[in-house]
Every structure is written in structure tokens, then in C-alpha cells.
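In C-alpha cells, the next block holds one chain alone, the form predicted alone.
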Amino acid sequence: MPAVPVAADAPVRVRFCPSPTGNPHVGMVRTCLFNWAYARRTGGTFIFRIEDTDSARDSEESYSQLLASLRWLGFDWDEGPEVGGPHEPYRQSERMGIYADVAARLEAAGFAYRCFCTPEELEERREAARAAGKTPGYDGHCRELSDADAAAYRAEGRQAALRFRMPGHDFTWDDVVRGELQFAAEHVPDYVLVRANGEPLYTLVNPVDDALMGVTHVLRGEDLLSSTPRQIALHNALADVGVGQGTMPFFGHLPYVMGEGNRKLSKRDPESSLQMYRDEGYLPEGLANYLALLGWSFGEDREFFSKEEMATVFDVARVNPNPARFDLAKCTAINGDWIRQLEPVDLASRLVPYLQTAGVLSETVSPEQMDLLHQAVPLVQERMEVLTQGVSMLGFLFVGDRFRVNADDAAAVLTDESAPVLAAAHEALRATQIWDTAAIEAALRDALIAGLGLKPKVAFTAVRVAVTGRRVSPPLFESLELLGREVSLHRLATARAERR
């Protein structure tokens, strides 16, 4: 008896089921975001499941990275690892007994059969089909194998894979993103459920888990579109053998995320790696905000919103099926908007790990250093787009005796002609009685602009490079106040001495 469609008013249950292989990909995160938002919008259940049945590619390190990445992005799940739920366990590697039982049921009911074909034989027959102008899928060689033929293959020492018997008719379904889709039977040949070594494949385990966990909507990437007819056929078979609730989930296929040159963003592209964004100092709020725009729109030309705000209006029917191009510049700009929205105290705390990684701050940050950072952050917050910029912008405040002037900036600015400027600035600041921004500005303007007749850009650039190490820095007078009299005078004197 075939599966029946999920009732339109059934409580929504969606799943996100990545494989723990390598660094998480931003396209994968976008899929997670859309599933999470749909569950939250509908009051449904978000299931986090780990597809780790490929022992050759999966690793515990990648599994840990995956969980850490989702936590960093602020996702929560209703069922899954570290949370539990009524369908435990949620790691497929821990559900092998379930898959073995279902595979046996499918074989006993005639929905699956043993295939003894070797990879070399399969490739040879595919090449022959291509040469004859036919679709090069599995040709059904073992579909009606006799017991005697099977015994003969076993006598040769061959092991058999378990292959699903496709029903042989065309498939039509209403994709919740793309509308009505059709696949001809000739393009959906019989496929392997369990390898000859007994290892179950994605083609078996994901539909089985969807059936057992009552998943109502399968929202996934467009690259999996061609597997949908196979999953529809398998869901019908699972209903017939009593696995799950006998319902057919809705399918929705999210658009490709494209990179440069209008090609699909791949794991080889640097901008595809979630870890790159963490390392470079993107905020999880900013990255999630940008990923939401890849194939979906909040409406009213609004592009700045939190994932929680997104979840109040998200409807999968509004996902655009056309490919979405990943624009790193726009992603960075949105991240800058998020940085400017943070409270300065919050931004300071988020900067600390990056300052520590760069060696600007030690593992233990003193109260005095945090106080200095809190004072400095408002000076650079408007200029920042990623957190790593805080290292170059603010590092000069914390490095002490390790302070070094950027070589290129020194060569361009701290020339022999700058010696009189540095000398005048040093003398003016040494005579300043009050060390605050207003007094510092007044002293330098009087000495360099009025006294030496210099234009502000010429007057202050040499001082800026001498005390901050760079031509681009926080506002000069505020920087000098934060550095303090002693350090500021020492750096000016050092730069002046090197110009003599």
C-alpha cells in the first residue's frame, strides 16, 4: 500500500542531516537556516541528524566542528545530538541495526534484490549503453536472477549489494519550491541501498529515518533533486512493509549557491568555508543575515534582520528557485552593519579572542587592558567590517615594548623631512600640562600648523605613524590620550632619533 501525502494541517517536522566530513560549507548552513526558520515560523519541530554512515570519510573531529559551528551560529534544535528526543539515537552510525532490519524487510517483500555485478561489469555495460545511444543507468542484470545463478556467483566468491527495485513508471510531484516536476522512468534505474560489505548508503538511511521520525518536509539543496524519485518510491515501499507512519513528505529543493564565473560554489572555493568566516571575524548574526538573502527575501526591500526576525515571516513557498550568487563584498558590508549595531562592550568582548590569537593580548586579560579596550572600541567601531581589523586598528595600544612601525608606512612617511615635525610634536606634547584629547589637539595644531605652517594631513600623518605604527588608525588625538603621555613621548622620540 503506497504512502499517503502528509496532511496539510499536520504539525511541521523538518530535518537537517549533514555529513561530518571536512569543514562546514556555507551552502549547507543556508539549508540549515531555512529548515530552522520554517520550523520556528510554523511552531514545528527542527530535527538535527548526523549522516555518518560513510566510515571512510566521516570523522569525530568533523562531527565536533559541525556541532560547534551550529552553536556558534546560534541554532538550537528540538531533537538531535546533545538534546535527545523520542527517536534516539540521532547519529546514523548508531542506527545500523535499524537499517539492517528495514533492508531485510524490503528484500523479503520483493522491493529489493541482491546484485552481484562488479564495478568493472557495471562500467562496461554503461559504456555499451552510451555507445548505443541509451541512458547509461543500471540495466537490471540481476533483477530476476535465479537461485542457481546467485549460488554460482557466490561460489565465485562474489559479495552482493542490495539494490532497490524501481517500479518502472514516471514520477510527478509538486515541489514546494519549484512547483510540479517530472522524471521519466528511464532516468531513474534501480539503485543500491546497501553496499556489498553491508554498509548502508544515504539512499536507504535518510528516507528510513525520515519515515521513522515523521518528517513532513524535506527541504534540501538542488543537487539532491535527482534522488527524489528514488526516495518517493522507497517511501511507498516503506509504508507497505510497515516502516514509519505511512506518509509521504513534501519535498522542496533550494537553489544552488553560485560562486565566481556563474559556477556552483564548491568546497574548493575559499569563500565556501564556514571556518574562514569565523577566522576572519565575521559575526554569526551577520553571516546568517546574508545567507538568508540567498534565495529568499524578507520583503519591503529589507536586507538587515536577525535570524529570529526572519523566522517570524519565513515561508518556504517564497524561496526563489533560481540560483543565488554569493557576493563576498555584500556579505562583508552586511557584517559591518552588524558590527556597528553592537553595544561597544559586546564588541570589545568579541574582539578579545582575535587580539589574543594575534599575540596582542595574552591568554589572561587584565582589568586595565579591558578598560582600555572599552575606551578604544568606540573610536573604531564605525570603520570596522570584520573583527580581525581590530588587531591592526587597536594593537598599538597593547603591545608595549613589542611595538613596531609598519615598514611600508615608515618608508613612505617617516622620511628625513619628517624629523622636524616629530621634534616639534614631541616638544609640544612634553610641555602639555593636561593629557586629554582637547589639550593634545590644541598643542599639536599650535606647534605643527601654526608654528611650522603645515597642512593638517602633512602635519599629523608623521605623528600618527610614529605613535600607532600605521597611516590608518583610530583618531589621532584620542589615540594619544589612550596611549598616555609616557608611551606617546617615547614613540615620538624613537621615531625622531631614527630620522636623524
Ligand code: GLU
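One rule holds for the numbers: they count along the sequence shown, beginning at 1. The structure displayed is predicted, hence computed values, not measured ones.
Form predicted in complex with glutamic acid: not shown, discussed below.
Item to check | Candidate stretches 419-427, 219-227, 371-379, 306-314, one within 4.5 Å of glutamic acid in the predicted complex by heavy atom | outcome: Answer to the contact question: 219-227.
Checklist entry - Of Tyr202, Trp173, Trp72, Phe403, which one comes within 4.5 Å of glutamic acid in the predicted complex, counting heavy atoms only? => result Only one listed residue qualifies here, and that residue is Tyr202.
Checklist entry - Among the candidate residues Val12, Leu483, Cys17, Leu489, which is the single one with a non-hydrogen atom no more than 4.5 Å from glutamic acid in the predicted complex? => result If I apply the 4.5 Å criterion carefully, the residue I get is Cys17.
Next on the checklist: At 4.5 Å between heavy atoms, is Glu51 in contact with glutamic acid in the predicted complex?
Outcome noted: So Glu51 counts as contacting glutamic acid.
Next on the checklist: How about Asn289 - does it come within 4.5 Å of glutamic acid in the predicted complex, if we only consider non-hydrogen atoms?
Outcome noted: Close contact is absent here: in the predicted complex, Asn289 is far from glutamic acid, nothing within 4.5 Å, heavy atoms only.
Item to check | 4.5 angstroms heavy atom contact with glutamic acid in the predicted complex for Gln389 | outcome: Outside the cut-off, so no.
Item to check | Ser272: touches glutamic acid in the predicted complex, heavy atom cutoff 4.5 angstroms | outcome: No, Ser272 stays farther than 4.5 Å from glutamic acid in the predicted complex.
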